[in-house]
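The form predicted alone is given below as one chain in structure tokens.
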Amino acid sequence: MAANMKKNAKEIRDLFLLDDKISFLNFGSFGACPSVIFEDLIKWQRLLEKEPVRFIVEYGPKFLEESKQALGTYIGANVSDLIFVPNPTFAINILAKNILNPGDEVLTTNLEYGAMDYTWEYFCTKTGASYKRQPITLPLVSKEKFIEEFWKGVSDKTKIIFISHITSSTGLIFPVEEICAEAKRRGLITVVDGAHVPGHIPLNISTLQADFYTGACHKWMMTPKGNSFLYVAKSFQPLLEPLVISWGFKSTNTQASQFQEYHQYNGTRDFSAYLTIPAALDFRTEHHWDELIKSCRGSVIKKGAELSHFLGTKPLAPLTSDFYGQLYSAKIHTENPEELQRILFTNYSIEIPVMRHGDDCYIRFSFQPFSQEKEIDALIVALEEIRQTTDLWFRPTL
């Protein structure tokens, strides 16, 4: 086994810029950037400031293409079908603004990310389309049951399927491959929110059959913030007008595609974060990251089961790799999740989300190679102390 594989959790943690005083169980929200990748960001920013005009006009675009090529190889997508975007919400705004028509129905689940729901609702209202959230019963029983329940929501008005690959509030992996295949058979457009996927679970867009796919590189790929991508199948690229009209709208570059020009060049910006993709991939290779995270998944299932039992709730799905990667959400009975989250951070130095979703609340932990199972034990101890001294949450009788 290589020397890097022998590093303990503390040594791996030291590769990051994270505060040692904090138990960081919230990698899922914004990720965290290892020092060497952050230094790569600064390298690009220094190069930019050394000669801003040449960098933005001449050197930068070449580096951008090289970074996009590295990303395309990693996620199984043709570079000509990719653009960089600041975040997946930005990407979905591009799509929702362009692909909806009056009378269309967007079929989704009732477990999607709130910002995405807002985006689709806004543009559906503007265009006379509708946004239908198909209820999904939790706990999930099986992939087959999920698929059956989801397709009960389809109607003769359904034109677009929008679904998370891994959901934010529940942390569950959805059977997106099967959903995309069935949607293709039915002649429906598929839009996949893969914000949590790149660097987390394997992704090969070329075999997925999604028409649109967006993912964040600043989460589990560990790049600096504001680094995401949008994949668009070639047949749909002519439909997408830019969110921001700039020089790319009437580009004189006859060798570039309209899709790339419209959406990649929309005014002055520091695109240094996009250029760190190769460094992020090198980091994963050097530290055998894909091997390290295999043990994380076992810890997620083990400690997740303990957390759910302690909270008096059931796991949200069968405890298998079909549904769980490095995220685990447990339902928690609280009427004030914001205050509970504040106390966990302020009094116990635990950074962890406690989220509302509809009428339910979830507490979600992330597990990286620098995480330790004893941190989940400490979380349970903290929650028990809070239960005994406040009325912030209660445990049902098992």
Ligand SMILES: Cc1ncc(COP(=O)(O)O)c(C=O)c1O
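Numbering starts at 1 and runs along the sequence shown. Given the structure is predicted, the values throughout are model-derived calculations rather than measurements.
There is another form of the same protein, the form predicted together with this ligand; it is not shown, and what comes next is about it.
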{"property": "276, 170, 164, 326 - the one with a heavy atom within 4.5 Å of this ligand in the predicted bound form", "result": "164"}
{"property": "This ligand: the contacting residue among 35, 349, 29, 69 in the predicted bound form [heavy atom, 4.5 Å]", "result": "29"}
{"property": "Heavy atom contact within 4.5 Å of this ligand in the predicted bound form, the stretch among 300-308, 240-248, 98-106, 85-93", "result": "85-93"}
{"property": "Interface membership of residue 218, this ligand in the predicted bound form, 4.5 Å heavy atom rule", "result": "yes"}
{"property": "4.5 Å heavy atom contact, residue 200 and this ligand in the predicted bound form", "result": "no"}
{"property": "4.5 Å heavy atom contact, residue 138 to this ligand in the predicted bound form", "result": "no"}
{"property": "Heavy atom of residue 289 within 4.5 Å of this ligand in the predicted bound form", "result": "no"}
{"property": "Residues within 4.5 Å of this ligand in the predicted bound form, restricted to 189-203 and counted by heavy atom", "result": "193, 195, 196"}
